[in-house]
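Taking the form predicted alone, here's one chain by itself in structure tokens.
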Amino acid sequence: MSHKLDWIETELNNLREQGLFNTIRALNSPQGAWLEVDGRRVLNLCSNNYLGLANHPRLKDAARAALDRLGIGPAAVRSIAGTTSLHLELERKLAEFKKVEAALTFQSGFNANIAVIPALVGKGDVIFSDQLNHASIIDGCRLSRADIVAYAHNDVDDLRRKIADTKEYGRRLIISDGVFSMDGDIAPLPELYAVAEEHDILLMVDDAHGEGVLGHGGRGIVDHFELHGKVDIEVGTMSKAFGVVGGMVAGKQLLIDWLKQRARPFLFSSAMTIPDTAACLEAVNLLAESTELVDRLWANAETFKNGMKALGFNTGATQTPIVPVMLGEAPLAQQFSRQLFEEGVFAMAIGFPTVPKGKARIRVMNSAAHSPADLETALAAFERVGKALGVI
């Protein structure tokens, strides 16, 4: 007799047979260059902790102090009784850091995207979205009920064609990731801005992997291209380079005022916790003081990328500290990841549906926390496994 959940078992078995079943490892240590994972000490090459802030003493001290002063949970949504002076101070500092009029924080970068997109466009409107945009952008677009027109990845000419072919809509919005999380390439933001300006279309960039990475001292892709005041909506996260959790939207005061009235995750989900908010604020303070960590991140990334290319690995189109080690099929990528783990290196395989079929990879995340010796250890392990599996 069949059961109403039998289909799930069938699907899970299919994933296992295709080498696409995701086995999730557990950590028993703070984030850093080295981790304890499933009882082993391993070199960490897969966290988004770009600047090593996830276990930084200043952030921990700030979280403790705020916890003692204001407690833990906000116990309400921002629009009722969940906005503390700490939330407002973080938003003021973020706006200053990003060189915009105002900023608004959310519980995650994912929430920031599903907050802002449906608040700006709806039924009868159209969104032009890069084909490789993050899942949170895709879901935000779907929730908006606007028509979604995908354009070829980073292809401004294709975007122009799609705009020319798309008639009789109300509001229009162009959306792109700033740094694409799986390939490490950068959006052609100046060209996207030119198209948006020419056609009077709203322009939004999700800078999740650009915050703390691109621009002066990690101010992001808009700063990197010196487009301040020209990009209508900047979305970001504080769970990656900032080392904590939370999302943000930055732009004109008018935009932020509207989101406070209409952004559903702001209106219907409790505010960021007190310790998280305080830690995020300290991360912004730390980045505003010095470019040292960002400079170290880029130096480490160049060392690793040059080493991998010299060994003969294909690192795709990366322009950032994200280094995709392209392997093709998911079973090979999973085997490569398992053997790296046996060599003491923690670097996860990424396959379908996160990336297209046939483009499975090991996605390496460099960080400012890695020492030169750590990078040598990583390169030696990649060389051993690469040769053992016939990749190089």
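From 1 onward, residues are counted along the sequence shown. Because the structure is predicted, anything quoted here is derived from the model rather than measured.
The protein also exists as the form predicted together with a small molecule; that form is not presented, and the subsequent description refers to it.
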Considering the small molecule in the predicted bound form, find the one stretch among 208-216, 292-300, 259-267, 274-282 with heavy atoms no farther than 4.5 Å from it.
208-216
Are all three residues G184, H224 and T318 in contact with the small molecule in the predicted bound form, where contact means a non-hydrogen atom within 4.5 Å?
no
Among Y151, Y193, F97, F110, just one has a heavy atom within 4.5 Å of the small molecule in the predicted bound form, namely F110
My question is simply whether G246 lines the interface with the small molecule in the predicted bound form - judged by any non-hydrogen atom within 4.5 Å.
yes
Does the small molecule get within 4.5 angstroms of any non-hydrogen atom of K240 in the predicted bound form?
yes
Please check if E234 has a heavy atom lying within 4.5 Å of any heavy atom of the small molecule in the predicted bound form.
no
If we define contact as a non-hydrogen atom of the residue within 4.5 angstroms of the partner, is T105 a contact of the small molecule in the predicted bound form?
no
